[in-house]
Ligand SMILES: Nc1nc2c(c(=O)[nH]1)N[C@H]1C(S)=C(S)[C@@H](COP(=O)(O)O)O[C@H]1N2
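A single chain, nothing else alongside it, follows as structure tokens in the form predicted on its own.
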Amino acid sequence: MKQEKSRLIVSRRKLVTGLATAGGLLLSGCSSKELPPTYGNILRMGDVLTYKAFRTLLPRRSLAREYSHGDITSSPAIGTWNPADPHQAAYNAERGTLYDRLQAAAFADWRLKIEGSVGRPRTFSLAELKALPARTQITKHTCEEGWSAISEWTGVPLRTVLEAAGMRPSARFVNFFAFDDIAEGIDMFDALHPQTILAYGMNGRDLPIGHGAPLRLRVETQLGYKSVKFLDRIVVKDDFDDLGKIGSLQNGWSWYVGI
């Protein structure tokens, strides 16, 4: 019995050592500015290992599956469904009041702000975004709560907007801020992915309020919560930013949730 227990402990140690070695190989050559912090948490360490494994081992620019119109399903609006509603969990009084005014004017005065590590900081109206070359894709939204839905999304590739703002060669991350107290970030790999779009249309119509009007992010290579709704501004960064109390990491969520 003692021998079996001893062998089990040795096997576990070998497993842990093997994982640590693999992690070291995958993470070697990366500075702390290029990786999300772990805060000494073993789950966050696993997140970083997963992130680097995806980036190191998977084919570059592999596309998420796209579907036909016959595959489209109903799609629930969860989380914040109206940033102007003070009863929403992530309600922000200042931005919620502004969103209410913009919504009342059919978003005619709404502007998407592009800031940070760009040579030409600027804003885009909804009309200006719709005038840019568009992409339409029918993809699956996979929610961290266990459900999924297939919808058609129309919008402008994020890459087009970043290039229009003159993103700098040093840029490594892109952060997104909504009208509620939600913020998310992705690396430049996902930001420049052809299926990463700023969507203003859903299933052939303007984006509904509950799904993020007037504009939402679509990151088809990650779980649904990365596809931020109700976009207000985009900040391009040279270094990693955990986004503080409104970001994923400090709220117990994974920063990278590739699928």
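Quick caveat, the model's predicted, so the values are computed rather than measured. The first residue of the shown sequence is 1; numbering continues from there.
Just so you know, the form predicted in complex with this ligand exists too; it's not on screen, but the next bit is about it.
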Heavy atom of each of C143, D180 and Y225 within 4.5 Å of this ligand in the model of the complex: yes
Contacting member of A131, A77, I72, A106, with respect to this ligand in the model of the complex [4.5 Å, heavy atom]: A77
In the model of the complex, segment of 185 to 193, 112 to 120, 96 to 104, 77 to 85 with a heavy atom within 4.5 Å of this ligand: 77 to 85
Partner contact for K52 in the model of the complex: this ligand, 4.5 angstroms, heavy atom: no
is_contact(H211, this ligand) in the model of the complex, heavy atom dist at most 4.5 Å: yes
Any non-hydrogen atom of Y200 within 4.5 angstroms of this ligand in the model of the complex: no
